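Starting off, we have a lone chain in the form predicted alone, written out as structure tokens.
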């Protein structure tokens, strides 16, 4: 706090902080408001400051109206709150006054969030920089503070944090960082958290792009004959973040992405990629790109365990209470949702949104009966365990007393050919992999070789009950 301020201003600020703490709770106040300071109080305008751009952006996006309301509760003459970053060299003092009793002046930042505090320039600095680079839209909620860490995602979280905390000139440890997981398990959350944190630090240029946005940007640059400028922008950043890599299409686009990837990595710049499958399974992506992606740190984010799902629900309920103070979900109901909705984090969010809507719109308390009724369509049958080709090879090799390297080798002896054909057959029947992909996983064989093996085992199983029983036993072992 500025010690040069009049005593009555400091008293008002103390009262405002007391009101804020009471409204948002001690945990949220400590996280977001403990480092905010009063810089000035003049007529109808309050000047506050925070130490980082990220903090300013977050308060702007989520607590603008609440801070203004608390000030007006202490001093009805206040119509504007002006927030700056203390590390900024220049702070413009000009504000646009809003006369009471008109409602607080609102603008929209680059993410479509309402800003009721009259921040100059609309968008937060970090978001403005990102938009200026042509990045994909960012969601202010997707940051590290809101990411719930558990056993299934701890390695991915730690690697993302290391990238976010790195500074220009630091040695890059893992490049590229490649994160893969199924839908709704937190890939996009981590990638956007890296972008928010990196840009908020001030020294980095972090660009977040979906694969679709990258393709659109490249095609537009070719059409407008600005391809060189497009390439210069991409290769001039510190951290390139690409989401949904599996959607990158087009031979020319993939070639440009490959050149950009190589240029950034060779220059010691960080690249972070996310997709719904490991690099080797990106069948539509050029093999050279897949190889480069696999050469970094490849991390899988696993499914959400029940304990982690419950922790996510508790976190989301706490966040909802900042805007809906009366929202309450009994522990038994949260435990029921965590136990029943197992597919992904988005379904958990959807379940809570339904309970919140029912509670606010009908005035009913959240009960077990209400929860069972409202979320029943989100409860899906348990998906079968995802089978990996490597697991099939391992189990088949063990059963036939050969090594996995034998299955992948060019050996044509009888004691290796039959197990290899059985393994290829199981790979085709128990996975969604294509024949060419299965062939690549079996030592780079042609898809016709796989097709021959599948047809051969199908024929034998239909005529040899002993082999049929053997294959069924292997299926059970693989699917356990």
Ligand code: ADP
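Residue numbers count along the first chain shown, from 1. Treat the numbers as computed from the prediction; the structure is a model and nothing was measured.
There is also a form predicted together with the ligand; it is not shown, and the following applies to it.
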Q) Just to confirm, residue 174 within 4.5 Å of the ligand in the model of the complex by heavy atoms? A) no
Q: Find out whether any non-hydrogen atom of residue 167 is located within 4.5 angstroms of the ligand in the model of the complex, and reply yes or no.
A: no
Q.
Can you work out whether residue 345 and the ligand are in contact in the model of the complex, taking contact to mean some heavy atom pair no more than 4.5 Å apart?
A. yes
Q | Contact test in the model of the complex: residue 186 vs the ligand, heavy atoms, 4.5 Å | A | yes
Q: Please name which of the stretches 284 to 292, 260 to 268, 312 to 320, 386 to 394 has residues with heavy atoms lying within 4.5 Å of the ligand in the model of the complex.
A: 312 to 320
Q: Give a yes or no on whether each residue among 153, 182 and 349 has a heavy atom within 4.5 Å of the ligand in the model of the complex.
A: yes
Q | Option touching the ligand, based on a heavy atom within 4.5 Å in the model of the complex, out of 146, 162, 253, 72 | A | 146
**Q.** Position in contact with the ligand when the complex is considered in the model of the complex, options 142, 402, 408, 370, heavy atoms within 4.5 Å
**A.** 142
